[in-house]
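Take a look at this single chain, the form predicted alone, given in structure tokens.
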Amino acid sequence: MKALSIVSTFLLLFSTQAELPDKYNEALVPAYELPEVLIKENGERVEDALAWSDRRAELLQLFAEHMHGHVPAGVSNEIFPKVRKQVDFLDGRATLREVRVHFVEPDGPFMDLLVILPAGEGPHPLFLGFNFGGNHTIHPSRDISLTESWVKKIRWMPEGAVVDHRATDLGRGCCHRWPVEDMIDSGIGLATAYYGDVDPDFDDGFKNGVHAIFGQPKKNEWGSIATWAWALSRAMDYIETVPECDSEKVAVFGHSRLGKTALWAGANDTRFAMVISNNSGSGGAALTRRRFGERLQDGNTMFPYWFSKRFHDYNEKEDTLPIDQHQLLALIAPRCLHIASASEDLWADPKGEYLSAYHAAPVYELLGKQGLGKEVRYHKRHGKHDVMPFDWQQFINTFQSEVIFAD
């Protein structure tokens, strides 16, 4: 692969560290060979955009069949949105609306979508992403309703924020990860929903949320991450109906397991103009074959419902998996992609996340884009597994330069 000027800069950030546990010892990363992103399953090399279209379809099917699972037959994309509230927000600088989006049927499973837009007619670009604790946690305003869904207590929540798995007022504004005012002041809106509305994040045997309608997935059907990704597309369905939203300039965002979700949503739904993965690690942006930090079997053991049951067949057999995550990132091309890591988040393998972006870049170049350093962005900040103001500053800058003002 042609060397890029940005490569040497980033590789300096990744030095082998002595005295680390084996899981985090770069010296113990085995030799590996990545599956080719620009060679079809029949051995033909991809030489142009038309051939990439065929290869892209192949890769989507491979990721669905071996990792994320297929959406079951009979799952409809029909949604039933109901605007529950709309008010002035942030002293008139923005508007806030709450929309209950029912899936499948008007009184079935739903997610409560919180949409905050700059004041004025628009249309406004916006970030879309799930939150971990309920819409009320992203901002202290009492105009935001408490989530009605099952909630788990997260370490950054204050005592009393969750009682018997139900949200309380003590959780309002307790999550620092959503700089709402900065987004609005940048002319960008936000749409977010609590991911537990769609499928609660515990091993419930797929009996709640959307799965209560469609039942137990087959071995090669969707796990929770694919279900959450599907719901992000249903949020996009609603956004397309709102004149104040610029549906051609929507960036889908996710942190950690929701970063894995954002990547799969962006791979499947080309309506997203930009895809952002923050600290998504194994099963997200990091290369599986590196076997660094979180291993494939770690996620499948701790969270056996995240991916399809077939994905478990590859526990401790990473080299037999016919795909790797650089190919997933390539499915975003030619749209804008931003991968973010943190220096102390070795579990998520920052080097593996960077290398995945590096090995996806040839697809962008094939499609006439510059790739790494422009349409494919990567940054690593100091610190732990989290979303910080520095991260959002980078996401906003990329969104503005590569999507909002790119024309």
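As the structure is a prediction and not an experimental result, all values here were calculated from the model. The numbering used is simple: start at 1 and walk along the sequence shown.
Below, we turn to the form predicted in complex with a small molecule, even though it does not appear here.
Taking the partner from the other structure, the small molecule in the model of the complex has no heavy atom within 4.5 Å of any heavy atom of residue 288. A residue is said to contact a partner when one of its heavy atoms sits within 4.5 Å of a partner heavy atom; residue 247 fails this definition for the small molecule in the model of the complex, lying far away. The small molecule is not drawn, but in the model of the complex it has no heavy atom within 4.5 Å of residue 238. The small molecule in the model of the complex is not approached by residue 170, whose heavy atoms all lie more than 4.5 angstroms from it. Although the small molecule is omitted here, in the model of the complex none of 76, 211 and 214 has a heavy atom within 4.5 Å of it. Of the listed positions (220, 256, 268, 145), a single one reaches within 4.5 angstroms of the small molecule by any non-hydrogen atom in the model of the complex, namely 256. Proximity to the small molecule in the model of the complex, defined as a heavy atom within 4.5 Å, singles out one entry of 327, 131, 280, 227, which is 280. Proximity to the small molecule in the model of the complex, taken as heavy atoms within 4.5 Å, picks out 299-307 from the listed stretches 158-166, 299-307, 80-88, 136-144.
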